[in-house]
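Next up: just one chain, as structure tokens, the form predicted alone.
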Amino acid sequence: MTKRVVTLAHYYTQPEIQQMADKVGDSLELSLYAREAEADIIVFAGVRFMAETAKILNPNATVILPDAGSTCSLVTQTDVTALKRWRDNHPDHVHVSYINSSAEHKALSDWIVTSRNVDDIIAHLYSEGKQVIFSPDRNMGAYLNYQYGYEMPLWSAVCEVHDKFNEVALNEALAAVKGNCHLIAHPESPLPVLKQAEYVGSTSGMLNWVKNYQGDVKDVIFVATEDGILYNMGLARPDLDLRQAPIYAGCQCNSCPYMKMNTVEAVKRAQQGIGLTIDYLTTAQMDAARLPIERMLDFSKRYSL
């Protein structure tokens, strides 16, 4: 009997990888798709925490990550034992964790959020009189504290890609544009960059902003996120001047090395069952991690986020 193979790809993978996928999206979209996928095998062209999430949400499927080295600095910079101590030091707080985290990290969380729904979920918790601690992304948490006046204690890890965007290089790039220019940014970027952004949002949110752009096509739009999404933006609006925000003077060259491990050859092997199979999580770990993820998904579905 032929096994049904479903291939998922994040926006940050190479264009040729996205063309091989049954579904391309951001973390929230792919999580929802994985949960409902009628698949024997899910090939996740992304990074390990994404494949783990797919396994947690669809435990009966075999989930394969094309390259075992595809990790995330937000995971590698977080010691789970230290995280547990930090959480225990805030017993009266709700622990909200960004989806860019390991299964063990998620199991220590009350809520999981993505960059698309983090604003709404944390606002919901504060509206109920809750106090929140936020992990692992320090930059995202700092922006939320700045934007909304929260005083959330923050874990201190960063996305090594987004953290490279810097105010000095950005100001030089903006000043070099003779006409009008705009900046949109992912909330994993440093606060000085986010303060200058016209729009701060998720990968899909930025893509939709570009799709719906009604300004002059001669304007320059700088995008502060991983360069993979520029491909999708270019397909949607080939008429626009889209540029990745610089990480230092003149450099528009900021890629996630872990996403780029998803090569055509590696994905093809994974589709044949060869790769890192996500079979190392215990039932207890998956059950504990599933609770905060499902809480997020149910909230997002209820409010159509």
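From 1 onward, residues are counted along the sequence shown. Predicted, not measured: the structure shown is a model, and the values here were computed from it.
Here the subject shifts to the form predicted in complex with a small molecule, a form of this protein not shown in this document.
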- Item | Proximity to the small molecule in the predicted complex (heavy atom, within 4.5 Å), stretch among 174-182, 81-89, 198-206, 122-130 | 198-206
- Message: Is residue 105 part of the interface with the small molecule in the predicted complex - any heavy atom within 4.5 Å?
- Response: no
- Item | Contact of residue 98 with the small molecule in the predicted complex (heavy atom, 4.5 Å) | yes
- Does any heavy atom of residue 27 come within 4.5 Å of a heavy atom of the small molecule in the predicted complex? yes
- Taking heavy atoms and a 4.5 Å cut-off, does residue 115 contact the small molecule in the predicted complex? yes
- Item | Sole residue of 270, 278, 50, 34 within 4.5 Å of the small molecule in the predicted complex, by heavy atom | 50
